[in-house]
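Only one chain is included here, represented as structure tokens and corresponding to the form predicted alone.
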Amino acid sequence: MLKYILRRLVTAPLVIFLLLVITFTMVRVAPGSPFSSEKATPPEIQERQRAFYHLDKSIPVQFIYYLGNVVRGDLGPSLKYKDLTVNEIISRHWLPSFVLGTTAMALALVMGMTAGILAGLKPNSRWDYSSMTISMVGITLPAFVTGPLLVVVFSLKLGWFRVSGWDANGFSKDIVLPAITLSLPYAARIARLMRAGLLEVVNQDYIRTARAKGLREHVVVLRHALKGALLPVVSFLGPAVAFIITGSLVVETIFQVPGLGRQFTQSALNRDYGLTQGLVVFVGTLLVVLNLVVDVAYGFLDPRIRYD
């Protein structure tokens, strides 16, 4: 296990480097310029701007400058927000996305695993059919539909929550509606994965042996079956957690959450090379780390898995 982790830690910088190369090249070959605006800028000023950000040099030379900054932990300046660096923008906006994402994922795990376990233990029952039907609706119904529906019912009709807005001072009830909206598709997928994993595990020989020994059903499920059934869910959680805690454009726009999701879109629309690259590096690094955590978790959940 330790050798496997060390190998992954050695290859992780290579993965991030390739991600840097691809992102850096794509944002520069895309049409448009970060200095274009409705107001015409004199050519000499544009040239000075390009020279200041090293954009007047060839792409390989630009990449060397950028890579040197990244190695030092500096994601560079934003080309649109002149007084802010990419590090400062991420530090300002990551907390709302993180709080919203972790709350939504906790809700998704509770709802999805509960529905999946009950459906897996009672296949072809009314509960199985109803929960899987609701899960399918949760997967197919987009956030820009569920979000406004929740606002109409719980904000405009019942008046329990504000229509939109975010409490910058910390956790408050304003998080309830956006967290539910964001959690529903994830809960639906977790429920279906949990059901499929449990149905596969309960037919294994070691489960039949545990039941033959006279163990109670809840002991068989919780102590023996649940570990193996969690493998598909754990596989899903790696990238899901990385994406859910780094912001959702639709949910953050509907509920006016000042998170990273809106920054992703704005950086692309503004042709902000530095911010786009920095956000991709931020999310890519999270993906690499969380995928490593998922692979390590496999060994604890299933003793048959070996990393030799």
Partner chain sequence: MTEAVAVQEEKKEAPPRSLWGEAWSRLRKNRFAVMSLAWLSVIGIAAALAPWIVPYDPQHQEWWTGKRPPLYSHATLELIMTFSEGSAPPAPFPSSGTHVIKVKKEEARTRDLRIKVSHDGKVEHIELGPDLDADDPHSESPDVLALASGERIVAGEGEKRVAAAATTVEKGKVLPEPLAGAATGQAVLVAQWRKGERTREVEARVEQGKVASLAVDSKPEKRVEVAADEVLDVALDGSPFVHTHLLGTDDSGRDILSRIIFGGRISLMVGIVATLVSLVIGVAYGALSGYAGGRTDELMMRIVDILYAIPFMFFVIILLVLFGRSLILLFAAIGAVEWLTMARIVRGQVLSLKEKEFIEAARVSGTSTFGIVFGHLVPNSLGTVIVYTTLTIPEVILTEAFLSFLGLSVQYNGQNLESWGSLTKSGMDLALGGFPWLLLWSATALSLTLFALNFLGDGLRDALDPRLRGKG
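All values reported here derive from a predicted model rather than from experimental measurement. Numbering follows the first chain given and starts at 1.
Omitted here: the form predicted in complex with the partner chain. The next part is about that form.
Trainee: Since the chain is shown here on its own, which stretch among 176-184, 103-111, 67-75, 147-155 would lie within 4.5 Å of the partner chain in the predicted bound form, judged by heavy atoms?
Mentor: So the stretch in question is 147-155.
Trainee: Are any of the heavy atoms in L193 no more than 4.5 Å from a heavy atom of the partner chain in the predicted bound form?
Mentor: Contact check for L193: yes, within 4.5 Å of the partner chain in the predicted bound form.
Trainee: Would L141 count as a contact of the partner chain in the predicted bound form, using a 4.5 angstroms cut-off between non-hydrogen atoms?
Mentor: Residue-level check for L141: yes, a contact with the partner chain.
Trainee: Does any heavy atom of L18 come within 4.5 Å of a heavy atom of the partner chain in the predicted bound form?
Mentor: Yes, L18 sits close enough to the partner chain in the predicted bound form that at least one of its heavy atoms falls within 4.5 Å.
Trainee: Taking any heavy atom pair closer than or equal to 4.5 Å as contact, tell me whether L249 reaches the partner chain in the predicted bound form.
Mentor: L249 belongs to the contact set for the partner chain.
Trainee: Judged by heavy atom distances of 4.5 Å or less, which residues of 251-272 approach the partner chain in the predicted bound form?
Mentor: Contacting residues: T253, I254, F264, T265, A268, L269, R271.
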